[in-house]
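Below, in structure tokens: the form predicted on its own, a single chain.
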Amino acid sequence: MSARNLLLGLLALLVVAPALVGAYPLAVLILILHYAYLGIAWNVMMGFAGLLSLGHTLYVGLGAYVAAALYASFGLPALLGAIPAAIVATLAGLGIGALGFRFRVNGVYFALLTIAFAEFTRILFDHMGWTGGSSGFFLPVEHGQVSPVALRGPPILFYYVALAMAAGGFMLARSLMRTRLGYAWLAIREDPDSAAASGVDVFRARMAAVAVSSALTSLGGVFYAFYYNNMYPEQIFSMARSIEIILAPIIGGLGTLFGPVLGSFVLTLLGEGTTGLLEHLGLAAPGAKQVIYGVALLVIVTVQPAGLWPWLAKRLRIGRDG
């Protein structure tokens, strides 16, 4: 079986899925595709270029707030608002990257830098009256309105938007891996000093990875804002959300294409399945989903450190193209 055939088969199944499932499974699928997309975006930095970011909610939050504020205040449709949202997030990412890379802040210290900026931005939005501050920011909802451009409509509209984003992110990541820049990222990930000695401009390549990843992640934030119609700084910029973003690529397979997609399916189904089972049994277990995520991560790190996808690809005899 080839990776291409597997991808086409999965895509065909996902296209017809809304006709086969009810409202709740559709909501779960939207969540899966959303986190698969965010995982792909984060994977560009860590999986391809070896840059550990633990503050990726910064770009989710900036994308969400910029697009939502432009829509609520000036009526700018979501798809148009996504452009300035991506620009703002990219500039923020480039600022963090320039600060970190110029002063040789690497590894765990770079990760701490990303957390610091995400936390600083959370505090800033917590006290920003224009966007509601800590009381939250709410988008106006007109019942019966259906507009793909404005991202207004029923859940099935958001499902296909999430599917298009995940598929588009996957294809973009696949294309980037095969470019000169993609090979430079892989060289830097393995050994930055050797890459520099081979003629790779490490600073520019890393800045490119940050720019691509932050811009893509901000689009996930735009989707979040218009799907949920409300945002609270404490939630959207939280460290817990950053952890949720990075878990899918780690569980599925860091640096692989299918890894974030597979990891998102596994984690979301485990989390939602456990929550649903406990509710069915009448057991209140706050934090059960987080416990499941922690156990899943522990098992993967112990049994399959490379992630589920490399192991599954080997069993299915699929090449490393995935």
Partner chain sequence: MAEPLLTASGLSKGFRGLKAVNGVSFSIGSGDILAMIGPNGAGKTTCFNLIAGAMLPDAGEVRLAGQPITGLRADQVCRAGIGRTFQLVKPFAGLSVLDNVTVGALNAVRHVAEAKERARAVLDLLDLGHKIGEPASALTLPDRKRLEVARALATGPKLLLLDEVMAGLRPTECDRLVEILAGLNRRDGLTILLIEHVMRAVMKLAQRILVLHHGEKIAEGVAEAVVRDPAVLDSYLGEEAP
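Note that the structure is predicted; figures quoted are calculated from it, not measured. Positions refer to the first chain, counted from 1.
Here the subject shifts to the form predicted in complex with the partner chain, a form of this protein not shown in this document.
Taken together, the three residues A187, E190 and S198 all come within 4.5 Å of the partner chain in the predicted complex, as judged by their closest heavy atom. Comment: the partner chain is not present in this chain, but in the predicted complex one of S194, S73, Q145, S135 has a heavy atom within 4.5 Å of it, namely S194. This chain lacks the partner; the member of Y183, Y228, Y232, Y160 within 4.5 angstroms of the partner chain in the predicted complex by a non-hydrogen atom is Y183.
Residues placing heavy atoms within 4.5 Å of the partner chain in the predicted complex fall in a single listed stretch, namely 171 to 179, out of 216 to 224, 171 to 179, 148 to 156, 83 to 91.
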